[in-house]
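Before any questions on how it binds or moves, here is one chain, the form predicted on its own, in structure tokens.
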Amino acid sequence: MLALVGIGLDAKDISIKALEFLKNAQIVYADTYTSITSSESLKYISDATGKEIIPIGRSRMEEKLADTIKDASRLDVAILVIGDPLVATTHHIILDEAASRGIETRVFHSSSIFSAGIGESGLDIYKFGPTTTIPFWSEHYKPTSFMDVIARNLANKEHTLVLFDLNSPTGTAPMPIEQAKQIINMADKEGILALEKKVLILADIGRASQSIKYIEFSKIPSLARDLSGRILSMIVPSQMSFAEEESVKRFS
């Protein structure tokens, strides 16, 4: 069997039934590609289950996927995933590949930025449009499609959850808030995010260090020192109801 195990957003978010499965699994991997894996979370899970946890990156999750799941035809193999396993398309591909080989699969769900972040914001989850990601730019890679998503959502009176990339050109690390703003400035040719536009900045959602700020876009750099090294995302609100406006006031 191949199991995808969501471990949530903080060290002890993993479910009891997932821990019980891991105690009997023969191989336990940790996905270090699609998100930043907390060493505290892995230590807690290892101590609770008595299992050695083997980190795997992009190569084993994509190019060498067959090698990753081949043992699941005869052993119980688990892949630990930050947040909820079925948020990233990479994990759907893993399930499809296992199914094509006749391997039984199982998924253990948990909290994710989509449920916790939107929920904590106080905005109505039914009023969100498609999510987008601000990727790290490099000399020959400067995509601007994330601004198109924000523009379409605003035109449709829908809020936008904007994820900040975690895979920098030099390794896995959270995108700093000032770099995200810089990339937005360069990509936003039509003034979609005006300087006075208020956005929600979400930091370390689901953890003890969680913070949410409702701030004018122009003032984002003032958060740089306090948010250094933290996992960040942003919500660009569209037209808000009275209840939503009251909810976001507490983050001003």
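Residues carry their position along the shown sequence, with the first being 1. Values in this document were obtained by computation on a predicted structure and should not be read as measured data.
Although not depicted, the form predicted in complex with another copy of the chain is the subject of the following passage.
- Note on the partner interface in the predicted complex: the residue among V77, I82, L163, I150 having a heavy atom within 4.5 angstroms of another copy of the chain is L163.
- The three marked residues, S138, K189 and F217, fail to reach another copy of the chain in the predicted complex, with no heavy atom of any inside 4.5 Å.
- None of 140 to 148, 68 to 76, 85 to 93, 174 to 182 except one has non-hydrogen atoms within 4.5 angstroms of another copy of the chain in the predicted complex; the exception is 85 to 93.
- Contact between Y29 and another copy of the chain in the predicted complex is not found at the 4.5 Å heavy atom cutoff.
- K249 falls outside the set of residues with a heavy atom inside 4.5 Å of another copy of the chain in the predicted complex.
- When another copy of the chain is considered in the predicted complex, T133 lines it closely, a heavy atom lying within 4.5 Å.
- Although the partner is absent from this view, V107 contacts another copy of the chain in the predicted complex, with a non-hydrogen atom inside 4.5 angstroms.
- For the stretch 1 to 29, the set of residues having any non-hydrogen atom within 4.5 angstroms of another copy of the chain in the predicted complex comprises D10, A11, K12, D13, I14, S15, I16, K17, L19, E20, in sequence order.
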